[in-house]
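The chain that follows stands alone, in the form predicted alone, written as structure tokens.
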């Protein structure tokens, strides 16, 4: 050691033997290599684009798209720009992704809990559901639901339930709230949000009171009833002050010689197929995640809760499931990402999502630029799901340490 120059040692250890120096050197070298490979890759792509005169750039976004979009949830005309049409397509994808994640999570929790049920029939049915839908490719399931809905009667001969619900091969039409006046509607929505916050605060306070005193406080019932009551009062006050309710219910009705449904909200075939396929498929994976999370909680926790007199449902809701969430959340985030990315299969069933609309755009705009926008959009959506999930998971972990 004495013969090694001091400049070649760190903490009296030769630099070529010090573990920290070796680790940092390996990371720096690997980082430089990765950056160099990325630069080389994109440089070659850029040179190939220029050599072959492949069109690229984003100036087309300000041009008129001049192509109809089959289904859109925000106002759209063919004279709108490529950029606006791109926003319409992203909105369609977001609606399927958000609604699909919520529904798949709820269904997955139910199936996962049913998988652990003491009832033999319920447990086996849940197992069959999981094993069947998890092992059949998603595209096959989407096409199956697509042809099932197409086999329904046409619009003029479709099923009518209660004079308000129309089911046919064009989709499902049902009553839907519409805005009477934007000022009153926005005011009521703001008051409803405040009511929900009050309901959440009441639920937490009553839960704390019930835990500390042992007296029944019914936090869940009161936490739900309070926002409903406050929302109803705000509705009545606004209706009396403005002379009209903030929203009105539009009911669907057939019109014209072809029986076209007007009014209400119509979930068309493509949207129904995407929600059915994505929710049922993803829920089978979430169910296994929930089952594994519940089984990760020690059996002693359940026995202790039952010894204190908690019912099986309260044991699951108050003791087991909160602890299982720490195991459930990380893989659940991955399933949210998978559902969002799997929505790109919508073109196979005629739903105008981001990918299908962008593919149509490539006929009149640079394909390279469009696919760069697609990748950026899906990356942004996936990172958003990751951020939400990681923040919630961090809150759970922090709460557990506290």
Partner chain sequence: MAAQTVPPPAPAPIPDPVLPPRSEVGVTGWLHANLFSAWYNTVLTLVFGLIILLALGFGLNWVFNTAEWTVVVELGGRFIIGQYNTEAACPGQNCFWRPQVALLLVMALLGMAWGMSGNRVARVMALVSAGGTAALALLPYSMETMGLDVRLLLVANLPALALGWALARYTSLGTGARIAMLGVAVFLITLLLLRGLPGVPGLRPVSVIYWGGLMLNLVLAVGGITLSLPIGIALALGRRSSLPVVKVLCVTFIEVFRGVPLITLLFMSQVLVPLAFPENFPLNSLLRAGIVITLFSAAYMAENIRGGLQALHSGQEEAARALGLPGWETTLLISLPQAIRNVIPAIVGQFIGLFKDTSLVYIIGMLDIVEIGRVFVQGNAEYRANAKEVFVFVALVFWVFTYGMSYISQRIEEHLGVGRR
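Positions refer to the first chain, counted from 1. Rigid core: the largest C-alpha set superposing within 1.5 Å between the two forms. Being a predicted model, the structure only gives us computed values, none of them experimental.
Separately, the form predicted in complex with its partner chain exists; it is not shown, and the next lines address it.
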Listed residue (309, 300, 137, 214) with a non-hydrogen atom within 4.5 angstroms of its partner chain in the model of the complex: 137
Contact assignment for its partner chain in the model of the complex, among 81, 119, 207, 296, heavy atom within 4.5 Å: 119
Residue 159: touches its partner chain in the model of the complex, heavy atom cutoff 4.5 angstroms: no
Close approach of residue 292 to its partner chain in the model of the complex, 4.5 Å, heavy atom: no
Partner contact for residue 23 in the model of the complex: its partner chain, 4.5 angstroms, heavy atom: yes
Distance check, residue 86 to its partner chain in the model of the complex, heavy atom within 4.5 Å: no
Stretch from 245-253, 177-185, 140-148, 223-231 whose residues place a heavy atom within 4.5 Å of its partner chain in the model of the complex: 140-148
Output flag, 92, 387 and 392 jointly within 4.5 Å of its partner chain in the model of the complex, heavy atom basis: no
Residues within stretch 345-382 having a non-hydrogen atom within 4.5 Å of its partner chain in the model of the complex: 345, 348, 355, 359, 368, 371, 374, 375, 378, 379, 382
Core fit, then residue 39 C-alpha moves 2 Å or more between this form and the one not shown: yes
